[in-house]
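Consider the single chain below, provided in structure tokens and representing the form predicted alone.
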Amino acid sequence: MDKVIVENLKVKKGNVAILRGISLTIRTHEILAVIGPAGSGKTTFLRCLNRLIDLEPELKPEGRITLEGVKIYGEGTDVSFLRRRIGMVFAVPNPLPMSILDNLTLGLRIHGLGGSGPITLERVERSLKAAYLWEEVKDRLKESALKLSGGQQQRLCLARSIMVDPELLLLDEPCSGLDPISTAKIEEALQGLKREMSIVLVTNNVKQASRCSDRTAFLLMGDLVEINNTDQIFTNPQDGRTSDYVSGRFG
């Protein structure tokens, strides 16, 4: 079943094309990896899905994106509610200068979903466990999130995103700069999370894509070269450019 359908998505900056007619689907309860060299439009593609692209008025998206049949760019779309349904974790951890607990409950308060009480604390525990962080911070919830290590901060950002129960989670190089242990914990967390939501993982690490994802899309200079089951992409790609990229001949 398709969660999101992207049809002929184009993005231009002036006369320069960043995305050139991308069409693909994001299925329910799957991890879709998006790979490709720098400058291929991967981050722009992600930012179109939850309309963070709106914050860059010089970028003009065209085409059609639907979330469960509803146009993301339709008239009257509640963008705040859309971004609750479609969460995002960035390459660089961005914990706020407040306690671990306040970081986690901020989204609940913003969206009017509470922010205190036993139900909220249960949700905090559940989210931290899903992000493989609970055991490390359960006795430190009142401490500043800025005291956490880089890997812990990224897992906190992951837990913060899932606090509001998104249907789709976007990850833009979430393990960039992290050590192998932190990377492994995030990858393990994603396998559990896909039972609850769909996930799009942008990564420059082709080995991570091969380990984590169900399907993989290969972007090159704004074009969707190929999308298929991950095993197929890495063992029997249909396009020579895909074969060259995943085998390390360029990129």
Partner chain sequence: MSRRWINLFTHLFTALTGMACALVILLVAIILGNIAYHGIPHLSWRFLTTAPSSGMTEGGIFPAIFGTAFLVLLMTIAVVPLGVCTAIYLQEYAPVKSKWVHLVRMAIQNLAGVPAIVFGLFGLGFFIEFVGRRVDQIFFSGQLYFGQPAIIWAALTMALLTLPTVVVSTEEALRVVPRSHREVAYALGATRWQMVWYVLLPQAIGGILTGTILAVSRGAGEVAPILFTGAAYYLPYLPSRLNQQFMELGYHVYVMATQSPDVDATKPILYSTVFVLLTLTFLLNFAAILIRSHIRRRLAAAR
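Quick caveat, the model's predicted, so the values are computed rather than measured. Numbering follows the first chain given and starts at 1.
Here the subject shifts to the form predicted together with its partner chain, a form of this protein not shown in this document.
With a 4.5 Å cutoff on heavy atoms, Glu56 counts as touching its partner chain in the predicted bound form. Although the partner is absent here, Lys138 sits far enough away that none of its heavy atoms falls within 4.5 Å of its partner chain in the predicted bound form. Although the partner is absent from this view, Ala145 contacts its partner chain in the predicted bound form, with a non-hydrogen atom inside 4.5 angstroms. None of the heavy atoms of Leu101 is located within 4.5 Å of its partner chain in the predicted bound form.
Contact annotation: its partner chain lies within 4.5 Å of heavy atoms from the stretch 92-100 in the predicted bound form, the single such stretch among 92-100, 117-125, 67-75, 175-183. If you check its partner chain in the predicted bound form, you find a heavy atom from every one of Leu52, Ser80 and His111 within 4.5 Å.
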